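Coming up is one lone chain in structure tokens, specifically the form predicted alone.
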Amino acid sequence: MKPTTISGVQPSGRLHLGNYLGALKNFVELQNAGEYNPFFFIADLHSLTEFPKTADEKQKQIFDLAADFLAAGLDPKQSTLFIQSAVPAHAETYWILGSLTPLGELGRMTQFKDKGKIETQKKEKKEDGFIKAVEAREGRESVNAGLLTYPILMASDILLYDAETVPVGEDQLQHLEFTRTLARKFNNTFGKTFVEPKPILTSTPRLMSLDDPTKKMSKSSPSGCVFLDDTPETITEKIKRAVTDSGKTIEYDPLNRPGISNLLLILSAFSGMSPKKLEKDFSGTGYGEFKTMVAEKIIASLEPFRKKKLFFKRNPSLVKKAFEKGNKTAEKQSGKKLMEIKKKVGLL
């Protein structure tokens, strides 16, 4: 039997190049390798840490991401594709595992601490005078509880399927180690129940913002971000406006030349050639010509995706059918595991 691998993506807005290269493209490669029993899901429960303005907005985000999955090449005949909230075992297991988790373990999570800092800064900018000082002292207390308990739900997502591997970026390694620790603690307390998953580190580098290469590419800065559904004209415009450096040579040096190095990373991801190889190939080329070639490569590489995405958006019944099938498979498998968990803790 092939080992199970599992991962999810939050439906929280338009996907950009970083999402595509770091998640969807990698998922398709794992699926097509034929070495795993792959489960890929839309993490809509996780996405509620940023509440939508309306229910319709969240439904649109979920459908749009489902279409992205299929357009990228994920195949319901090869992978189990499902929506997290359609499988009740995730939320129930989350509560059981949460009752076993020390609060201090969650407070030490780097991403939670970073989110706390960001939230505090936002509050300070919005308020003045005495209220501003109070918010500054509050710190993490202003962050919603979902951001604190996020790793428990992530652990449930993984452990319910006896996943042996999880494709992750380096920023998620701490959460995966938390999952391993929690599995070990449950096993030691109630008997062997869970597999301790190992990471499959994605090779895709961290893409930086086009207008500020010292920051990660993010949808919160649209001008520095290439979205998968951007038109060719928009992609070309964004790449041409991308921050480079004061130098004139095309050189891969992320520390001293982050702007041009970021463009080399993007081109490397789509061409399959290393940044150093590209550096040699483009020796003597001007920035303008280089940017044009980067834009053309991105546009050509994303063209099949854009066409398939349009097809699935025009045929929503196909998207619904693909995920209904996966929801049933995921519910059946996770349901069996949940029964085992409940028996171990005395709920059955």
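Just so you know, these numbers come straight off a predicted model, no measurement behind them. Note that residue numbering begins at 1 and tracks the sequence as displayed.
Same protein, other form: the form predicted in complex with a small molecule, not shown, and the subject of what follows.
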One stretch from 291-299, 305-313, 275-283, 36-44 that, in the predicted bound form, holds residues within 4.5 Å of the small molecule by heavy atom: 36-44
Of Ile250, Val87, Leu81, Ile158, the one that lies within 4.5 Å of the small molecule in the predicted bound form (heavy atoms): Ile158
Among the candidates Ile239, Ala72, Leu228, Met154, the residue which, in the predicted bound form, approaches the small molecule to within 4.5 Å (heavy atoms): Met154
Heavy atom of each of Asn187, Phe194 and Met339 within 4.5 Å of the small molecule in the predicted bound form: no
Touches the small molecule in the predicted bound form: Leu147 (any heavy atom, 4.5 Å): no
Proximity of Ser268 to the small molecule in the predicted bound form, heavy atoms at 4.5 Å: no
Contact label in the predicted bound form: Thr4 to the small molecule, heavy atom within 4.5 Å: no
Any non-hydrogen atom of Gln172 within 4.5 angstroms of the small molecule in the predicted bound form: yes
